[in-house]
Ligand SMILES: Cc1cc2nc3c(=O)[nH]c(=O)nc-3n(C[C@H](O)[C@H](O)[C@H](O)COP(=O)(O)OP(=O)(O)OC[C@H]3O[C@@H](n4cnc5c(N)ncnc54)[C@H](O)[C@@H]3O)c2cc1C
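Have a look below at one chain only, the form predicted alone, in structure tokens format.
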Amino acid sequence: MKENIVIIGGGIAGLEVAVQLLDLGYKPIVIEKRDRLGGHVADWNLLFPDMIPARDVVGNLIARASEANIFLNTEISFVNKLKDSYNIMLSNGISINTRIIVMTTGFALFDAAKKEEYGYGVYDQVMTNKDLEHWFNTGDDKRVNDSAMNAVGFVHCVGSRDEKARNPQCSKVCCITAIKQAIELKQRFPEAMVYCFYMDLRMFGKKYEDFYINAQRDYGIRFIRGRVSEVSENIDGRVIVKAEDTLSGKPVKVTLDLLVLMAGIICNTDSTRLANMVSLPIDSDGFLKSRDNVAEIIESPRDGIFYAGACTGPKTVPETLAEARAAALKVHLFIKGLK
């Protein structure tokens, strides 16, 4: 069908929208600023709770979306609102006129260096959840020493549920990601002690509670409810973590070979920059504002612009894929209504 449908973002949301639109007979246009598709999920190793390889999910989507018009290494330079359409100027000089835009611009991770008390970028043995996934995939990170991995700690809610970080919202997937990564480390270093320092554990998803129980029962991962109050480094370069166990009311001090900070999910600057171009509102949590947060979360306040995935807030992979499928159907019905 001859209708320009522009999908901004080539992560799993954008790819799934493209797949569904291809099945409906359209040939969508996918604009991706990076040199590859798959977004954040392509950087991950295994996906909770079934521990399936992320590369399998992403690879399948890329293969199925291959018939779409895909632009890599391409950014949106400008969007001009016309009478009943949008003119999009790309960084490669190409101009596209369209009546339909699907925003699948995803999210960003909080910069853990902003929480100076945790020592990211200061102490050698402190990394983020993203850094650890990179090591899982490549084995390339000098902070993970195969011969000296006796104790590892995870700090939940770094940059989320935090008024000082200007993000009071829950990042939704940090708890389960920490558990997944803790299990992966225990599988590689069975003798290591692994600690998770958390505020509250939010195991809301299908099989998540089972996953959490298995982490304790089968892997001996220790969960400590309490905020980390201090991180320092000893003379050997190991990390010293002080916290209070709020369940027992006792202080906790552990010495670790590695500390992993679970950086929270925030809206990325691309989303807000594009929103400003077409006067889309930003919600109080900093993400793109839908018509409502119940029945019309994939619809923007502007006709012809739709949302899918984490541009409207933290999402799991299944939620993202479900929203992408719904958005593709909304696009199809919108086009039918135009004729």
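Don't overthink the numbering: it's just position in the shown sequence, from 1. Nothing here was measured: the structure is a model prediction, and the numbers come from that model.
Missing here is the form predicted in complex with this ligand; even so, the following discussion is about that form.
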Tell me the stretch among 297-305, 32-40, 284-292, 62-70 that has any heavy atom within 4.5 angstroms of this ligand in the model of the complex. 32-40
Full three-residue contact with this ligand in the model of the complex, heavy atom 4.5 Å, for 177, 310 and 318: yes
Contact residue in the model of the complex, from 268, 150, 125, 137 (heavy atom within 4.5 Å of this ligand): 268
Using a 4.5 Å heavy atom cut-off, state whether residue 109 contacts this ligand in the model of the complex. yes
Contact between residue 12 and this ligand in the model of the complex at 4.5 Å, heavy atoms? yes
Using a 4.5 Å heavy atom cut-off, state whether residue 274 contacts this ligand in the model of the complex. yes
Answer for residue 6 alone: is it within 4.5 Å of this ligand in the model of the complex, judged on heavy atom distances? no
